[in-house]
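Shown below, as structure tokens, is a lone chain in the form predicted alone; questions about how it binds or moves come after it.
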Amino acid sequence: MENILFEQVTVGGVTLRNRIFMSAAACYNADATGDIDYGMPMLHFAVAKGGCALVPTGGVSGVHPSGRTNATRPMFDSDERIPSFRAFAEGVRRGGAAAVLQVTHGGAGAASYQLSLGRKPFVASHYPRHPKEGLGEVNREAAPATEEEIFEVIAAFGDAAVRARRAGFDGIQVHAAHESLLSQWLSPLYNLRNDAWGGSVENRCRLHCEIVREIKRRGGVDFPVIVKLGIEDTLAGGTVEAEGIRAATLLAAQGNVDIIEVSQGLQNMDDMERTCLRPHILSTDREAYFRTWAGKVRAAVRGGALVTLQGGLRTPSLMEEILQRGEADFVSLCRPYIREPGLVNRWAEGDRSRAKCISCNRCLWEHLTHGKPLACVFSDTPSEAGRVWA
């Protein structure tokens, strides 16, 4: 009997060669215009060639000018950016994987950069005056988005879907986890609105629903839409599990989301053990730390959307068990590919030993703090991640 991990699956108008995805990695920069800098290593191309079924870009916060978090983040708010992103889609598709554009918005995380440009930040209700000092009431700067501004941003996500199709992408992923605008909008920590865009979970999830509706309307019914959804914040007073699962249910019921990737909401990066990047995944009991959430989401959406589980997955037999039990439809990894871009091919060829990644996070530390290319410090051979295959 064929291994469930390597079953071919069709979603929308896209056929995926197996059920193993890549979770987004924003491991490249852009030039001043917002075009991707291909002088940096492009891990994504190596992962596609290495057997993965679906490879997204890192989060593109520049679908609207207000979303850009700094001057090195890619932009996709103009047709002039299409050639740059087409090169990404072509590089991934040459490797045999589906190419997906991950779209996001910095929200309060973009406030400092937006203010430096003389612009009003786009936020649900407020942003922290001093980001490192938390969200205490005395540290909040009120700047609620107007209805006109909200619908302008919604339209920008729809524009991005149109451009994504023109650039050759196979689908689009909306980032609604971690520190993204949509994770902020769902969280009572950032969303203090008392209108139709705040208050109840239904209202706090309205922006999510309107964005995916616009993407599906503009991108087409055969253009898969994935939502990476933060189920729970690790910050006190934030989104709780029941609210995150309710948000998943609302999105699935709308009929405009093909896949929900289950992840963490707002998180305190000083406590890595409670983040989406938990360290030291050295045994199977440490793996699949979002498994319970994925199972609850899959039960709640009742087939209205497929579900992807990510978070510390390293062992093929465990992934097979999760899929066979119906706790998820797909699995997704990121850090293991940094050490082994060809990991999926290794598994497909019969070597089912667990991924070599030990989740030390030194690859991320060197990349984020010292600007080094995203690479494993323990890799035995030089990485081919930067090569663009012709």
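Keep in mind the model is a prediction, meaning the values are calculated, not measured. From 1 onward, residues are counted along the sequence shown.
Although it is not shown, the form predicted in complex with a small molecule is what the next lines describe.
Screening P316, P121, G95, G312 for any heavy atom within 4.5 Å of the small molecule in the predicted bound form leaves a single hit, G312. Of the residues R206, H178, R81, K296, just one reaches the small molecule in the predicted bound form with a heavy atom at 4.5 Å or closer; this is H178. Residue contact with the small molecule in the predicted bound form: R163 places no heavy atom within 4.5 Å of it. Not displayed here, the small molecule is approached by Q102 to within 4.5 Å at the level of heavy atoms in the predicted bound form. Interface membership of I150, defined by any non-hydrogen atom within 4.5 Å of the small molecule in the predicted bound form, is ruled out. The closest heavy atom approach of V14 to the small molecule in the predicted bound form falls outside 4.5 Å. Each of L333, P336 and L364 places at least one heavy atom within 4.5 Å of the small molecule in the predicted bound form. You can rule out all but one of 30-38, 51-59, 320-328, 339-347: in the predicted bound form, only 51-59 has residues with a heavy atom within 4.5 Å of the small molecule.
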